[in-house]
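Before any questions on binding or motion, here is one chain by itself as structure tokens, the form predicted on its own.
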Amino acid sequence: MGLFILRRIGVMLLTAICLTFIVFFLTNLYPNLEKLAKTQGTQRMSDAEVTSWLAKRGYLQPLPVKYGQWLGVLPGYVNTDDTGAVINGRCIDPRKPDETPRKFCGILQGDWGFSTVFKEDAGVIISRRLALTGKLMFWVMVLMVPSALLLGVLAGMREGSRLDRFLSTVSIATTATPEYVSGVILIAIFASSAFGLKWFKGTATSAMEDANFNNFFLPVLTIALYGMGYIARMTRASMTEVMTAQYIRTARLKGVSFRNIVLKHALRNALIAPFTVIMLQFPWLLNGVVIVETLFNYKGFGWTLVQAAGNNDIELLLAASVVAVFVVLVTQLISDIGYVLLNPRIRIS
């Protein structure tokens, strides 16, 4: 097990380097850099002025050098005047001119860059927005996972029954309905005066500071409904396959009660495939709730990612990509380990 985890971590690190390098390359394409220069300067800047602006800030260095500086494995650039005095540099904070500059300042040193849109350290923004999305993810998983597993197990216990057909129809309907459709419907029915109900009077924006049932349930329900059907369908398919296995038939012939067959024999093996699907919900919840966060004006991680991409905020976009890559790879590692814990007969090769 230890060797298996070490190998997986090695693959994770290599994958993380490749993915972040691709994102770094795409965000540092010259059209993006030119747009950044004109946004921070003036739209009437000439090509020569744009080139000068980018050169003074280290953007025109070779791509591997810039990537190494961003990671923190290469020394940051330093610009000097004709007298040799330091003008600026990557590791020199203009807000703290008296501070001794560091030689290395990148992701590995905890320096996530400075947001050109929000005028704040990217690491501070990411941590604050990630906490808000983490709160949303937690309550979505609390509602979605038990409900989906229950629906899938009930449908898979008796394949072809009326209950199976009904629950399968509900699962397909929830998965086939996009979040922006279900979200608008839920808002129209339960949070507006269109149908006269108006049960939920709070807004998701207020939930950023003080989350309660009134202002937080609708965004949680909107996301949970979309993911619930997919997990339920996978659980149902896995449960159906297990219930037709030879050892289940043997247990029935021995007179074991149907309840014990389901709980003691079928359920554990049936959860192996849904476990992977559940773990894949974490990356989806982190990056895929952009529509819901925008619809309900809940300014979490997904909302921040859209703002960074739309406003060409390169440093913030790179910081968000690091977090997204890390979450995806960690959930994959947990998923692989979970396979072994759920079924020790699975070989690790």
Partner chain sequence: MEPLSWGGIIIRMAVQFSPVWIALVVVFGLSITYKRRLGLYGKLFDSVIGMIGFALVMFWVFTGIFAAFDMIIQHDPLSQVSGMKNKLPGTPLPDGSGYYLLGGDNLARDVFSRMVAGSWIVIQIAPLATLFAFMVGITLGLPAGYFGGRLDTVLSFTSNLVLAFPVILLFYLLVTPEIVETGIPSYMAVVLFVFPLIFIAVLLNSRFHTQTAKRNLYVGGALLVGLVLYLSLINEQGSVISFLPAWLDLFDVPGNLLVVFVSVVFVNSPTVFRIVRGLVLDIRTRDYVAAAQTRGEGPWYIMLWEILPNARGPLIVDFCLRIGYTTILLGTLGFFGLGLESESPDWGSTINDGRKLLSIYPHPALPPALALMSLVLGLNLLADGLREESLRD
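Numbering follows the first chain given and starts at 1. Computed from a prediction, not measured in an experiment: that's the story for all the values here.
There is also a form predicted in complex with the partner chain; it is not shown, and the following applies to it.
The partner chain in the model of the complex comes within 4.5 Å of a heavy atom belonging to residue 321. Though the partner is left out of this view, residue 147 does not reach within 4.5 Å of the partner chain in the model of the complex, counting heavy atoms only. In the model of the complex, the partner chain stays beyond 4.5 Å of every heavy atom belonging to residue 64.
In the model of the complex, at least one heavy atom of residue 328 sits within 4.5 Å of a heavy atom of the partner chain. In short, of 116 to 124, 175 to 183, 72 to 80, 261 to 269 it is 175 to 183 that has heavy atoms within 4.5 Å of the partner chain in the model of the complex. Comment: the partner chain is not present in this chain, but in the model of the complex one of 163, 131, 188, 108 has a heavy atom within 4.5 Å of it, namely 188. Residues of 14 to 49 lying near the partner chain in the model of the complex, listed in sequence order, are 14, 15, 18, 19, 22, 23, 25, 26, 27, 29, 31, 32, 35, the criterion being any heavy atom within 4.5 Å.
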